[in-house]
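So this first bit is one chain, no partners, the form predicted on its own, shown in structure tokens.
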Amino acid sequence: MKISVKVPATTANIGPGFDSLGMALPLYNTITIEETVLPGTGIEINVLNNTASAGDFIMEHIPMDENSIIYKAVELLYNSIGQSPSELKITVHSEIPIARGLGSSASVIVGGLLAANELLGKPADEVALLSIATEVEGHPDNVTPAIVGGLVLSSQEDDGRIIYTKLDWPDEWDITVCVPDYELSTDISRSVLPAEIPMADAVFNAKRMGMFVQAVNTKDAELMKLALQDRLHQPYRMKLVPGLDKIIENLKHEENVLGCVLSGAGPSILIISQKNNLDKIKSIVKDTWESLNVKANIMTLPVEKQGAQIITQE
């Protein structure tokens, strides 16, 4: 039996929502799992990518055996029903940029889980899948929108449960994703964060999260300009993304820009704007990064409202 699952990219944090806000985007990885008939073949993991360099990066940083995050997710699901994985062939068709803050690891975790769940006859419901995916990923902000789609506010409770609510992103606001041509691992990006933060910064972000939810619900552009500010992670990660401070400064002068934030752990950035002046916005980012010899792929994308989907079953 063979199952294929198409999983969207995700962007997390979105300014003030550290480890809690996430949004699905229309870039995709496809994960296929099939049971092999030859006993003793074990686990086989293959990655197919459009670019050789990206494929090399995957092979270097993601184990292609039982130590892979894909296999760990699958194994946890099997173990939850008292089984161990049989001989499996796992194939990842990768289109989401790796180590760019766009949820590539979350996508393969979710894809592996959903495919394995289908193979097993769907023993796990959404609650269990979210819990297992978060256990492997470490936090729910990427895996939740990868599973359910849309803009999602999520939290992992003390008992391991994931609770979430979906927000309707205003159609009037554009999301421009700027992906530089270099990687930044999540481990490095998290290593610069302090173990403790001042109370004033925690209060600042709590206020901004409230503003964010209200701004989205009421389509209040002026409130969103305030809501996208952050003191928990972006100030510390700024030095890891050359030119980000200059991009933010240059975009302040553009009337229709609501904010510029890191996508997840970076180095990709999101620019949220009202529906005009996109060429000028892209030109500012392109020119700023090119002055630092950084090339970038810049895309204006809608929110992907659907989460992971089973696309083939044989």
Ligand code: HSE
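It should be emphasised that the depicted structure is a prediction, and the values quoted were computed from it without experimental measurement. All residue numbers refer to positions in the sequence shown, first residue = 1.
One more form of this protein exists, namely the form predicted together with L-homoserine (HSE); it is left out here, but the text below deals with it.
Segments offered: 242-250, 276-284, 261-269, 28-36. Contacting L-homoserine (HSE) in the model of the complex at heavy atom distances within 4.5 Å is 261-269. Taking a 4.5 Å heavy atom cutoff to L-homoserine (HSE) in the model of the complex, the contact residue among Thr176, Thr186, Gln229, Gln156 is Thr186.
Only one of Arg190, Lys166, Arg161, Lys225 comes within 4.5 Å of L-homoserine (HSE) in the model of the complex through a heavy atom, and that residue is Arg190.
A residue is said to contact a partner when one of its heavy atoms sits within 4.5 Å of a partner heavy atom; Glu95 fails this definition for L-homoserine (HSE) in the model of the complex, lying far away. The closest non-hydrogen atom of Glu304 lies beyond 4.5 Å of L-homoserine (HSE) in the model of the complex.
Taking non-hydrogen atoms only, Glu75 never approaches L-homoserine (HSE) to within 4.5 angstroms in the model of the complex.
Using a 4.5 angstroms limit between non-hydrogen atoms, Glu118 is distant from L-homoserine (HSE) in the model of the complex. Heavy atoms closer than or equal to 4.5 Å to L-homoserine (HSE) in the model of the complex belong, across 1-31, to the residues Ala12, Asn13, Phe18, Asp19, ordered by sequence position.
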